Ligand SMILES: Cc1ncc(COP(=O)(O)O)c(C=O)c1O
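This document opens with one chain alone, in structure tokens, the form predicted on its own.
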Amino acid sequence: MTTKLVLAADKLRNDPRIEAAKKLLLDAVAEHQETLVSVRPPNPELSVDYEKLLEEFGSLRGANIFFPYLGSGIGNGPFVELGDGSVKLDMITGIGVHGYGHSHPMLIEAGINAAISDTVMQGNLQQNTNSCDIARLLTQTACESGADLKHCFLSTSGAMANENSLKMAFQKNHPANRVVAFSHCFAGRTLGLAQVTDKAKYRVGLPDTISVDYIPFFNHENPERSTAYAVRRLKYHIARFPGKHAALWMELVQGEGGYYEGDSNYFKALIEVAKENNIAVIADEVQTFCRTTRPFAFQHFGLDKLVDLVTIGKISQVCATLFTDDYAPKPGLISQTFTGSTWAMFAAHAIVSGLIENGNFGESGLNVQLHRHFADGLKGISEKHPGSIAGPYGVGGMVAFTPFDGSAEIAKEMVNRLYDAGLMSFMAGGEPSRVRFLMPLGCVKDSHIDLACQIIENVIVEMKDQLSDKSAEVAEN
């Protein structure tokens, strides 16, 4: 009978002193979180130094940050304390990054596990066993409904995951050198992805790198007509540049584009054309991952057997490109000094498995319930204040509405007013512009959504009165 050898690392992780230290740290954090249970204004005694710090940071980075936001280093679920002593209700979560909010005990424990590991970063020549753990979890989850995404390459950002997917598609389908994407899509801001992203101002001063042809996104008001039109446009581009398209870039729910949700039949009709022409099907899930009825949005739309490459990021902490055998890269195509930090890998495993175990997924899962509660609250505001809100839009953990006339100026003003009132949101779309939210799905409760809706209503009342006064002044003049 052989005795199983125990690694030194196993002994360290199971050392009772480590467990005792974890408990002490978690108890200390919990004690100091007790006051962070609602929004509060800044502390006047801290304002001068805080303003100086904001000014210094803006100078150091070469531009001011969007919000005057510098976290103190502690929060409590969806609540976060800033360096000026204020507490915000964070319903944008770093544009979808902080899926378990702030100072969550599960992620603190993941951070401790990472801190006692031997390296801060992993990648290229040296990776630890937890790289395999998270890659296994992602591929198994991706393939649970019939997808063939057996492979997973980890990376440090959603942009790198997207870049890697494009490189694999171009290499497989060489000499094809064009991409088809949806109008108003957002893919990233690297030299290559800025070309795919349908926003001209993100390309100012940049050289052309990738040729992109755009097709219209799904229109819920005219589903059959919009699907047929998109198919015609796709066929038009293919006929115009025969054999030149390497990939069909699909953002299944348009995030920055305005939280427009696609449709299964629409996607399947386009994919059928792509497959007939040997065009790779890439699903960009950097924002949608873990936010719909399934862990992956391609599963939500029933596209399991149709996608070739899928990218994830944001909520997953460590980012990744998943791909089928056909798109396995040749040696040297994708290699990064860092494929992720040790903490990100521990956190990713905890977050993905935590959301699965917590019941976030399914047609009646927590993601759906939270979305419905938020949507109902916004609809109630709209009924009380006609003309103030259009929508709501989005799916699952993604919620948005169009404020008043939908102008960029009004949307930006509302986002800033919400921030000052204690609620963090952000903008999306253009013509109309929308106010959007990405809830912390691992910790948000109905009571937090109710508080958010109360703040939204208060700001709408303020803005409505001021807009009425302005209209009266214009009429008098």
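Numbers for residues come from their place in the sequence shown, where the first is 1. Please read these numbers as outputs of a predicted model, since none were measured by experiment.
Omitted here: the form predicted in complex with this ligand. The next part is about that form.
- When you look in the model of the complex, the only residue of Y214, F186, F361, F218 with a non-hydrogen atom within 4.5 Å of this ligand is F186.
- Of the candidates K314, H102, K88, H300, K314 is the one whose heavy atoms come within 4.5 Å of this ligand in the model of the complex; the others do not.
- Heavy atoms of A247 never reach within 4.5 Å of this ligand in the model of the complex, leaving it off the interface.
- Looking at D308, you'd find every heavy atom of it more than 4.5 angstroms from this ligand in the model of the complex.
- Put simply, V281 is far from this ligand in the model of the complex: not one heavy atom of it is within 4.5 Å.
- Contact annotation: V286 falls within 4.5 Å of this ligand in the model of the complex, judged by heavy atom distances.
- With the partner omitted here, the stretch from 219 to 227, 153 to 161, 78 to 86, 351 to 359 that lies within 4.5 Å of this ligand by heavy atoms in the model of the complex is 153 to 161.
- Applying a 4.5 Å heavy atom cutoff to this ligand in the model of the complex picks out E251 as the lone residue from 240 to 265.
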